[in-house]
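The chain below stands alone, shown as structure tokens; this is the form predicted alone.
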Amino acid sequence: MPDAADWTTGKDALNYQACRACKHIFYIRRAFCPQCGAGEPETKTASGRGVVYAETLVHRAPVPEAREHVPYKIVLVDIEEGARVMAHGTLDLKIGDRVVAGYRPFLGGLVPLFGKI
């Protein structure tokens, strides 16, 4: 399974995978398709654009290091390419908003941060 650089490796990009056999689109990186079980899915870079499917505002830090970031928003976004991703979002986001991904530092790493288009 090739590891294309994306936000998990510090690059400003959001990757998803597509099954070569059944064409299923999915976000969580795997060595096989969760739909049909075929191996070696293709890794592609997403446009970063999508629509907010769900959102929640986090008021309690899950770890002490996150206290400085509270409150922050977590969103589920249906990206244009067909996968649903979980990421951070700007505080003004609501369900149905059209968004685009940016990236920001969070707890020593990089995370996608969706904002309104």
Partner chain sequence: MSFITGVGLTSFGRREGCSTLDLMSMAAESALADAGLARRDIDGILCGYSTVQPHIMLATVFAEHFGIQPQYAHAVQVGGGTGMAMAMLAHILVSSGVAKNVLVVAGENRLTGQTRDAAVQSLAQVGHPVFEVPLGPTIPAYYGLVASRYMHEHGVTEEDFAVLAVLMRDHALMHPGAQFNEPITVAEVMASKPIATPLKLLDCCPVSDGGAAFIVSRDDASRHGVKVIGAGQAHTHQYVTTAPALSDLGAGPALARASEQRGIAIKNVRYAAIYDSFTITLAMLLEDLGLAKRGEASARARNGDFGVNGALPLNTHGGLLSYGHCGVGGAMAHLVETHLQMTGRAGHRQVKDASLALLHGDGGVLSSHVSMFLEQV
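The shown structure was predicted, so the numbers you read here are calculated from the model rather than taken from an experiment. Residue numbers count along the first chain shown, from 1.
Quick note: we don't show the form predicted together with its partner chain, though the next part is all about it.
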Q) So in the predicted complex, does any heavy atom of Arg84 sit within 4.5 Å of its partner chain? A) yes
(Q) Whether Phe32 contacts its partner chain in the predicted complex should be assessed with a 4.5 Å heavy atom distance threshold; does it? (A) no
Q) Should Val75 be counted as a contact of its partner chain in the predicted complex, where contact means heavy atoms within 4.5 Å? A) yes
**Q.** Distance check, Glu55 to its partner chain in the predicted complex, heavy atom within 4.5 Å
**A.** yes
Q) Using a 4.5 Å cut-off on heavy atoms, what residues in 22-40 are near its partner chain in the predicted complex? A) Tyr27, Ile28, Arg29
